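Taking the form predicted alone, here's one chain by itself in structure tokens.
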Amino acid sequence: MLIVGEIINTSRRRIAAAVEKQDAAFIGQVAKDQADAGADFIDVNAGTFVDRETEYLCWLVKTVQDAVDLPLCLDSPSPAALSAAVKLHRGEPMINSISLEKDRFDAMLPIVTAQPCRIVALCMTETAMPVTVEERVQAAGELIKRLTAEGVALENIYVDPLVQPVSVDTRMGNAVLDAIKTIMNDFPGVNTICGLSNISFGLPVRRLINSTFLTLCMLQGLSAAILDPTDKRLMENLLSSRMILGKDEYCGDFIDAYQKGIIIKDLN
């Protein structure tokens, strides 16, 4: 399970204030905290600053990679911002995201094919957000077909079935779970990813819901999740679920996390 740390997003007030003040020490510490907690990628998103997104996203790339030796998930709907940010990134980034919306697909395609990268592919069509399993799987198939035709390796594609809140529609949990399972079965070698916390929007005790949903997603074969790795309970659940599902040989990752303090020792 690949973990993308979600915290450095200017939709969060403290992050937005730090980015606006160019507080490199604060942003660097947030990146380090996520890296220490087990993140494989650090997400950087400056999308709330529409007029200065390119400038701020580039600043985040440099600031975060100065602080941690991890690749970044460059998170933006703006081709201009991503094009500038990817040039500053050291190593192979993840680019979030491309979709079937024609203008977005055409603008993003040259960026995601210009250099080796992992690509988040949203199951979003020209017309609407997906509702059913079938809509998600159909969109996934079309994205995979188009991207691989352009030379993108299947294993570099991370299909996002677009998690929507169960508070709005209680069918959305099952729709995503079934879509993950079908996509992973129908397109061997591809990956799936989701923004985990969207499932609990508008509800109380969100951490409990997120943690439960993560285990269910993993059971269906989810490859990666965008989440808060500093949430110890969530990470404990991820590590123990991964182990029980047979994805942690000799239980090594679980034991290592316990010894490093990622798993709370007083749970015994």
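Not measured: the values here are computed from a predicted model. Residue numbers here begin at 1 and follow the sequence given.
Not on display, but discussed next: the form predicted together with another copy of the chain.
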(request) Decide whether P71 counts as a contact residue for another copy of the chain in the predicted bound form under a heavy atom distance cut-off of 4.5 Å. (result) no
(message) How about A67 - does it come within 4.5 Å of another copy of the chain in the predicted bound form, if we only consider non-hydrogen atoms?
(response) no
(message) Please determine whether V50 contacts another copy of the chain in the predicted bound form, using a 4.5 Å cut-off between heavy atoms.
(response) no
(message) Is N174 part of the interface with another copy of the chain in the predicted bound form - any heavy atom within 4.5 Å?
(response) yes
(message) I need the one stretch from 148-156, 165-173, 185-193, 107-115 whose residues put non-hydrogen atoms within 4.5 angstroms of another copy of the chain in the predicted bound form.
(response) 165-173
(request) Kindly indicate whether L208, L216 and I263 are, all three, within 4.5 angstroms of another copy of the chain in the predicted bound form, using heavy atoms. (result) yes
(request) Output the sequence-ordered list of residues from 219-237 with at least one heavy atom within 4.5 Å of another copy of the chain in the predicted bound form. (result) L219, Q220, R233, E236, N237
